[in-house]
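In the block that follows, a single chain appears as structure tokens, in the form predicted on its own.
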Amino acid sequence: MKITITPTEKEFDVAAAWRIISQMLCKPDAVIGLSTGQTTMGMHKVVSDIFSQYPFDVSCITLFNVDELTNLPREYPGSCYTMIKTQLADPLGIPEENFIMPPTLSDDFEAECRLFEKRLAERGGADLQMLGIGTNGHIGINQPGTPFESETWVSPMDPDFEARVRRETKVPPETVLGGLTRGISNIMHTKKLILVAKGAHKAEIIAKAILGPVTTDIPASVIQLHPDCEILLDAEAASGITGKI
């Protein structure tokens, strides 16, 4: 497990962006998993900015996101499809057939989970997964307590996040919200993982995830067992491990 710490948030965004670009340049048909949220927005902008100045061939690159919200329209600005499409797929001109995402609405999400994994497997599986971490240690939408052998499934949302989504979308209480997420087993079968975190609010959970025991109470701790994993942090997110590694 390699740990990289950048002095500033800006340097973090640049370093993370180059991890994505390097994968694209080294393997022109790479299958790259992304994550959405405040941590990744800056790095995605750097990728698109570099691409706009120095274009390169992405015609065979496949993008996907590690998870997606369920029972909301794709047009919702907070859907992973919309965020990745706006932040990366469109700026890079990724063909729609190379942007693999499960639907947000379906009568059979179990089938959609299987189809999502089948489409990735048909392209050789994921080469790289940029992986965020929640303040409770979740990866994807695999909340604490999720078995490490879990396969792609529809998980409950974090309660605070669900409350925010309901406020923003005005969905009725009887609509069950969740997240179709790659299971921990699927994530761990990715060839290379890069766990990214920035900000002081992530310092405590980062320390628990990479210095503490491997436990389903902190799903992200499982990455300690991955054979090719990098932890990329800014100085604030790394403050809980400074002097301990």
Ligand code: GLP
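Numbers for residues come from their place in the sequence shown, where the first is 1. Since the structure is predicted, the reported quantities are computational estimates derived from the model, not experimental observations.
Absent from the display: the form predicted in complex with the named molecule. The rest refers to it.
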item: Partner-contacting position among 62, 35, 70, 186 - heavy atom within 4.5 Å of the named molecule in the predicted bound form; value: 35
item: Among 102-110, 89-97, 167-175, 134-142, the region lying within 4.5 Å of the named molecule in the predicted bound form by heavy atom distance; value: 134-142
item: Contact test, all of 19, 48 and 232, partner the named molecule in the predicted bound form, heavy atom 4.5 Å; value: no
item: In the predicted bound form, residue 39 touching the named molecule (heavy atom, 4.5 Å); value: yes
item: 4.5 Å heavy atom contact, residue 66 and the named molecule in the predicted bound form; value: yes
item: 4.5 Å heavy atom contact, residue 44 and the named molecule in the predicted bound form; value: no
item: Within 4.5 Å of the named molecule in the predicted bound form: residues from 182-208 (heavy atom criterion); value: 202
